[in-house]
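As C-alpha cells, one chain now follows by itself in the form predicted alone.
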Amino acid sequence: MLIMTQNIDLDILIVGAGLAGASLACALRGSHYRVGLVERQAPAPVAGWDARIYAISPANVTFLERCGAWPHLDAQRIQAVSRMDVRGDAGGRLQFSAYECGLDSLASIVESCQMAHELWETARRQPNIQLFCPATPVSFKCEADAATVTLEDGRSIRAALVVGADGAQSWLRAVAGLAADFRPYGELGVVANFKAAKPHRGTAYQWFREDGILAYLPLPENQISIVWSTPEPHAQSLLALPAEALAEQVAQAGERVLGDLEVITPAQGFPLRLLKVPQVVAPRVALIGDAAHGVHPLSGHGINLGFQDAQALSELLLNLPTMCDIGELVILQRHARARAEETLLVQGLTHALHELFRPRLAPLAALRNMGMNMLGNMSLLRSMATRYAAGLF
C-alpha cells in the first residue's frame, strides 16, 4: 500500500457515508463549511431489486428534497404507502390510512442501495465536500481547538468537528470513549422480495405472530418486500428453504392476503438488537444514525431517526455564527438535547410493543388484542397511531 503524508484541514469530517452520514453532507451543500466524507467503499446500485428497503416518512422525504437527492431518484422504483393493516395474534386488528391525517402517503418505500448511491452522487457533485474513498480511519486525536483523524494511507485530516455516522459498530464512538449498550433480541430480520398474485394497492401489512413479527411492504409492479423478525432458529430455517417453499411459507403466514407469492430476490438475515448510547456527543464529536441508536424494525423508524439526526445537526450548524467553534461541547449538547426526546420515544414505544407481543400467555394475548381493537375503534387514538406510523410525533 502506498503511504501518503498529507495534512488536510476541514471544518467538518463525517466518518461513514451511509444514509445518515451522506445526507448530513448533502444538507451542508453550498454552505461555508469545508466538509469531508470518509468511506471504505462507494455505494453502488445493484442489479434487479434490493432486498433491503426503507419506509421513508413524509418529513424525511421533504428533508431529502432539500438535500438535493430525492428528485434524482427513479420515481418508478418508489412506492407510496397509503394504508396500513396491522393484525394481532388473537384476533386484534388495526387499520389506518394517510387520508385520516390529510397526508398524501404514510411513507415512501425506497431501496437502500438506490438511496445510498444517489446521496453519494449528490455529495460528489458539491464543491465544498471532499470525498475520501476508499479510505479507512485508523487513529483519532482530540485537542483543544480541533480533532485529527488519520487514515490508513497516512493522510491526516484535521477538523473542528468529527461526526460518527459509521453504523452500529461505530469506530469513532469507540475511539472517542462513548459507551454503547447493546441488548440483543435473539432474533434475525429475514428480508426478501416477492411478486404477488393480487394487487397490494399501496397497503403495508403487519402480523404479530407467535413466531415473530411479519411485515409486507409494497413495492412497484405489484411486488412486495418482507421483513420477518423472528427467533434465530426459525429465521435460520427460513433462510435454508428453497425459493418455492419460502414463498409458500410467507404467503401462509400472511394469511394469503395477496395470494400466491413468487421469490424475486433471495432471502437474507441480519441480527436485531436494541442499541442505546447514553452520550451521543463529546468535545469535537457527534454521533448520528445507527452509531447513536438502534431500534427493532417493527416500527420502520430506524432510518427515519437517522435522517432526523442529520437534519437537526445540519440546521444547528447552518444557524451558528460564522466564527463560532462548532466543536465546542456546549454547542454539541444542544444537538443531543434536541434529539433525545424523539429517540427515547421511538425506542421506548418500539421496545414496549415488541415485549408486549413476545409472551405466549393466553390472558395477556386476549388483553393486547382487545387493546388493538379498541384503538382501531377510537378515531382520536387511531389518528395518533397514524401520525406515529408516518413519523409525525
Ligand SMILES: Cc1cc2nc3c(=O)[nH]c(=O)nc-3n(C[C@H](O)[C@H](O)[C@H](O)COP(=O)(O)OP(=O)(O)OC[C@H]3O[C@@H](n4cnc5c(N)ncnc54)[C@H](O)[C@@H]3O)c2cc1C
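Keep in mind the model is a prediction, meaning the values are calculated, not measured. Residue numbers here begin at 1 and follow the sequence given.
Omitted from view is the form predicted together with the ligand, to which the following refers.
Undergrad: So which of 139 to 147, 234 to 242, 254 to 262, 162 to 170 is the stretch with heavy atoms within 4.5 Å of the ligand in the model of the complex?
TA: Every other range fails; the passing one is 162 to 170.
Undergrad: Of P218, G92, P297, G212, which one comes within 4.5 Å of the ligand in the model of the complex, counting heavy atoms only?
TA: Partner contact (heavy atom, 4.5 Å) among the options: P297.
Undergrad: Does any part of Y54 reach within 4.5 Å of the ligand in the model of the complex? Heavy atoms only, please.
TA: Flag for Y54 set to yes.
Undergrad: Does any part of L246 reach within 4.5 Å of the ligand in the model of the complex? Heavy atoms only, please.
TA: Contact with the ligand, no.
Undergrad: Would A196 count as a contact of the ligand in the model of the complex, using a 4.5 angstroms cut-off between non-hydrogen atoms?
TA: The answer is no: A196 has no heavy atom within 4.5 Å of the ligand.
Undergrad: Could you confirm whether L19 comes within 4.5 Å of the ligand in the model of the complex, counting heavy atoms only?
TA: Heavy-atom contact with the ligand at 4.5 Å: present for L19.
Undergrad: Heavy atoms within 4.5 Å of the ligand in the model of the complex is the criterion; list the residues of 218 to 244 that meet it.
TA: The one in contact is V227.
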